[in-house]
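Take a look at this single chain, the form predicted on its own, given in structure tokens.
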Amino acid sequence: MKKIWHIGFLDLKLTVKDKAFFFWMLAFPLIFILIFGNLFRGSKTDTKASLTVLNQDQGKWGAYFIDKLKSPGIELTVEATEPKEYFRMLLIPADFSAKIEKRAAQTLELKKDSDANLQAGAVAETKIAQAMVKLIAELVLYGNRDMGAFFDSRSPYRDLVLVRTRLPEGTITKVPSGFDHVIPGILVQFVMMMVLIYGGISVMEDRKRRVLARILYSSASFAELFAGKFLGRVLMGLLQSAILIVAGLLFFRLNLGNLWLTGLNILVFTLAMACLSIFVGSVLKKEELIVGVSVLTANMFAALGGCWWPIEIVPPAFRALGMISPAYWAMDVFHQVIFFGKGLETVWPNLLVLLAFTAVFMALALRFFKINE
């Protein structure tokens, strides 16, 4: 066991000594985090939908309709004149009451700011639809009675309709966004890229320079040599993850959810990438080829796996295709733990899938791992 740790730590030490190491491990990922973090940052209407109502109605029905819009889930503002700024504004026309009393058709206009949050907008529109349903139902039940007497007393036809909305079980109610989505995504992408590049090149160079042969001719066995190389790449991935997590906590207030599950997810994903890097370094014989294949593989897996954008918002066919990427299963764990507060009972299948990737990549690495050219 001591020899395994010695080989693994030596690989990590040589990697850290590389002059470009901290640029690729810290500076370059931080540039991505700043760009994509601000790009996918949620708007200030994420948590509570805001709705401005411009009430120009000359009668009582406008205020009555507004009263039906009030709800704990909506931030309602009533204005008599059009404000300069708003996320979404419902316009109640001056003849709103007159048309209701005449039982005439009319149209309510909803204006939206181009930067308004779509999810919050959906909440506001749902509340508007609910208010309309309740008002129309009351008018239908009131029938042909004198409309002027509707407000004179507590009519038995008022507030008879209660509208409740709920989403089907398992429906996504919050789209992952902001730095809490971007930092895990960049972490997964760069763990793939850096472990494949640095891990693959070192295996190739150690084979060409006969470093592997010299280690094997010493007192180390083949199993200890392979395990040491595997450990070195695992430590490399964990170091990359630790650097980005610390940066996220210090500068971006990163939320990791359940720390144990987040750490377990990173570890299992890193195991898979460590095996894949040994395989890449065993079958490819040129440094530039390893770099090209590693960058292409990491970017393809990142795009398919939801590192660049939330996988929850893509079409079902693209989401199904993404399942071929280990990044998909790792990012899903991050989202379930960070954004939806899920526990091990929800994410354990993802961890098993990542372990299955590890087993497949391990088998390939063992099959093609060579001591000499």
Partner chain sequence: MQQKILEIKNLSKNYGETVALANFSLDLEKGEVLGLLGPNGAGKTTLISILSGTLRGFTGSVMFKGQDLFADRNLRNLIGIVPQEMAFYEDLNALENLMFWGGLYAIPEKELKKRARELLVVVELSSRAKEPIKKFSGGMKRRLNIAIGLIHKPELLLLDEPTVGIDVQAKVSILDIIHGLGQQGTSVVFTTHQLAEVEQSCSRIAIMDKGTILAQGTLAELIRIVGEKEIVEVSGEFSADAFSAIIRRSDGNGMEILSVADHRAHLAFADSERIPAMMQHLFKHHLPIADLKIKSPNLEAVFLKMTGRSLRD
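Positions refer to the first chain, counted from 1. Remember, it's a predicted structure, so these values are computed and weren't measured experimentally.
If you look for the form predicted together with the partner chain, you will not find it shown, but the lines that follow are about it.
- The partner chain is not drawn, but in the predicted bound form it has a heavy atom within 4.5 Å of residue 217.
- At the 4.5 Å threshold, heavy atoms of residue 6 reach the partner chain in the predicted bound form.
- Interface membership of residue 213, defined by any non-hydrogen atom within 4.5 Å of the partner chain in the predicted bound form, is confirmed.
- Within this chain, residue 209 lines the site of the partner chain in the predicted bound form, having a heavy atom no more than 4.5 Å away.
- Partner contact region in the predicted bound form: 201 to 209, out of 254 to 262, 201 to 209, 188 to 196, 77 to 85, criterion any non-hydrogen atom within 4.5 Å of the partner chain.
- Just one of 363, 10, 352, 16 comes within 4.5 Å of the partner chain in the predicted bound form, counting any heavy atom, and that one is 10.
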